[in-house]
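We begin with a single chain expressed as structure tokens, specifically the form predicted on its own.
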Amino acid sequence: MVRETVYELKRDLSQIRKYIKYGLFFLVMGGTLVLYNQYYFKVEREIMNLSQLKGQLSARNLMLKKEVSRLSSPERIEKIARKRLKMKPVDYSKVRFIETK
């Protein structure tokens, strides 16, 4: 009687160990998936932030290019030359051009 009970307990214990192994396996796999999912969302959020920053920088770059174009226009440079530097328009009939070889 005792021997049968011990044998049954050993058999039950071996089955419990097998289920514990499976349980630990699923627990580790679940933990791994949770960690992967957290990392994925972190990277996704970073990509989204960088995309927004890229859009902002592209818009700023376009504005700066327009500003450079406006500031370097010949009309503006001529106006500044006349007003601040007291320059006069060039009379090309009085200019001598030197030809180089």
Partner chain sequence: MVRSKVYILAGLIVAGFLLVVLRLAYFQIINRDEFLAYIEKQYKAREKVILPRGTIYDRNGRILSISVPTIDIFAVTRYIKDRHTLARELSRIINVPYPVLIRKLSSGKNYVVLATGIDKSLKERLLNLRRQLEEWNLGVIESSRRYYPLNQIGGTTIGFVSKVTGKGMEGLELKYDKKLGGGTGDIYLMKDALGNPFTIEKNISSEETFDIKLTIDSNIQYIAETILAEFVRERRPKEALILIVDPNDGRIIANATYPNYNPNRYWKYRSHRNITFHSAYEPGSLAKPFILAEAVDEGRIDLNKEYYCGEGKIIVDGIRIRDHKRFKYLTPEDIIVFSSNVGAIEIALKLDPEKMYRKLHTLGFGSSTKTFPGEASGILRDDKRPVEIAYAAIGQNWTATAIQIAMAYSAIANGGYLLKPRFVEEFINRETGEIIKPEKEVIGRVLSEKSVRVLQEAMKMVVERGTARKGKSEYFTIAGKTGTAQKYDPAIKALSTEKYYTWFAGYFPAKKPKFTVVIFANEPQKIKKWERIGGGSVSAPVLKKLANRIMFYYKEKPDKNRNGGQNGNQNPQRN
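Think of the rigid core as the biggest set of C-alphas that the two forms share within 1.5 Å after superposition. Keep in mind the model is a prediction, meaning the values are calculated, not measured. Numbering follows the first chain given and starts at 1.
The form predicted in complex with the partner chain exists for this protein as well; it is not shown, and the discussion that follows is about that form.
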Taking the shortest heavy atom distance, is A81 within 4.5 Å of the partner chain in the predicted bound form?
no
Classify I47 as contacting or not contacting the partner chain in the predicted bound form by the rule of any non-hydrogen atom within 4.5 angstroms, answering yes or no.
no
Report whether the minimum heavy atom distance between G55 and the partner chain in the predicted bound form is within 4.5 Å. yes
inquiry  = Would you classify K66 as touching the partner chain in the predicted bound form, given a 4.5 Å non-hydrogen atom cut-off?
reply    = yes
Contact with the partner chain in the predicted bound form, heavy atom within 4.5 Å, among L35, V43, M29, L62 goes to L62
When the partner chain is considered in the predicted bound form, the residues of 84-100 having a heavy atom within 4.5 Å of it are V90, D91, Y92, S93, V95, R96, F97, E99
After superposition on the rigid core, does the Cα atom of L9 shift by at least 2 Å between the shown form and the other one? yes
Answer yes if the CA of V90 moves 2 Å or more between the shown form and the other one after aligning the rigid core, and no otherwise. yes
Did K79 shift 2 Å or more between the shown form and the other one, C-alpha, core superposed: no
